[in-house]
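The chain that follows stands alone, in the form predicted on its own, written as structure tokens.
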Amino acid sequence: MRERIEKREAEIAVIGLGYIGLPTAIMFADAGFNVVGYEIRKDVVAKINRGNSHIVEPEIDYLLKNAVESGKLRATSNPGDIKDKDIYIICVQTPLRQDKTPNLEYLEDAVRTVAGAMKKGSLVIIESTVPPMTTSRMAELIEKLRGFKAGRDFYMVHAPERVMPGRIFKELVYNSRILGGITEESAELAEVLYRSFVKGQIFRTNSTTSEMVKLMENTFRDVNIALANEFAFLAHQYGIDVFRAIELANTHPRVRIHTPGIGVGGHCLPKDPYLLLSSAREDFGLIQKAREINEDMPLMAKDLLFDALKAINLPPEEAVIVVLGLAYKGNSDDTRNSPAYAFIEAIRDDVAEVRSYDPYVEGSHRSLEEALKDADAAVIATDHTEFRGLSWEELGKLMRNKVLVDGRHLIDEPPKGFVFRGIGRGEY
């Protein structure tokens, strides 16, 4: 197997062609491997095979087109097309259920599909973020389904993705990778594979440590964002601008406070702390409390909005609200766990109408001007570049009332004529 990988003769199947799976498939195709991507959404398969991406990401259209036209990458919905491959890379979602417990049905379905297609000697890699000990359990599932012995008849690794939308291709190459094998030989084979395009450091460990590392990384960020959000609450009480305070605090050589905002979204941070705690034998209050703080931030934005409406004597039930941005982060179409939707849900039944505008997301108003016409308030929920430096004094002429709520710290100075509120901007 090692020699086949080194010679780019190993055939790869990537299971799941979403925000991680498709770029991963492209990178291995670009590195010279023959790659087939398995995706159950037939419309996505057809689009990819035409060389068109279904996700927004810098460089993806050019790189995908090259990979497809070279014959190194194709997509399929037929399980028969992934039979007897050397390597299987699983990149499926691992969402939470309503009760915040992990839903591993997509992963288990993918593993069952791979088990039915793989041959002896195959390398199976899980890139999906999973609770600790999941990879070893999935190896046991393959053993049960096929009668293969993990570490002897097949190899298995957890190789968590560590990239950010908007920078995926750069970070796939230059970020370090953690490869957790169920055996040392599994991790060694995975290192040979990823070294075909990864220029960052590669660290080998066991699969449970790898799973834990990924969850620790995002839990660290989530907890520190929660601390920044608590500082924002305090700033309102004390009447100061928390962003100026953070800027000054961060001049200390051992302090690096994160940025507060309307909420934490994406496929990792809102989920990974719950995955980390899902099999814990006792409660861990700090991690749980941080999640609760971040999940409540859309309600803080709601309070600021209603306070601003009160300042102009407009009952909320008469107000038309425009939410600027539906994606969870700037310059992306990724709406997974976006706080914008949580905010919309929080105000929907209390106002006359909720509109939205996002230049990256389908289904919103076609233009900012169209969305703002005769509206009473605008709420910035996503830090898109397009929302920076807007001429609010001109845009205000379209509005019935002039209320602006900044949930992402994009407004340096409140525009003239507007009632302004901003998360952490307690001075206004």
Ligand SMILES: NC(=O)c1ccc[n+]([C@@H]2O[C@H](COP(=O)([O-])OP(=O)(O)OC[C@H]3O[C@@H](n4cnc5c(N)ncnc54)[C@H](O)[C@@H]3O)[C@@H](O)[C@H]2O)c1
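Just so you know, these numbers come straight off a predicted model, no measurement behind them. In case it trips you up, residue 1 is the first one in the sequence shown, and so on.
One more form of this protein exists, namely the form predicted in complex with this ligand; it is left out here, but the text below deals with it.
Proximity to this ligand in the predicted complex, defined as a heavy atom within 4.5 Å, singles out one entry of 314, 246, 163, 235, which is 163. Residue-level contacts in the predicted complex: of 229, 219, 128, 134, one residue has a heavy atom within 4.5 Å of this ligand, and it is 128.
Contact with this ligand in the predicted complex, defined as any heavy atom within 4.5 Å, is confined among 346 to 354, 117 to 125, 140 to 148, 102 to 110 to 102 to 110.
Within 4.5 Å of this ligand in the predicted complex, a heavy atom is found for all three of 15, 38 and 91.
Within this chain, residue 10 is remote from the site of this ligand in the predicted complex, having no heavy atom within 4.5 Å. Looking at residue 271, you'd find a heavy atom of it within 4.5 angstroms of this ligand in the predicted complex. Among heavy atoms of residue 291, none comes within 4.5 Å of this ligand in the predicted complex. Shown alone here, residue 404 lies farther than 4.5 Å from this ligand in the predicted complex, counting heavy atoms only. Interface residues of 205 to 220, taken as those with a heavy atom within 4.5 Å of this ligand in the predicted complex (partner not displayed), are limited to 214.
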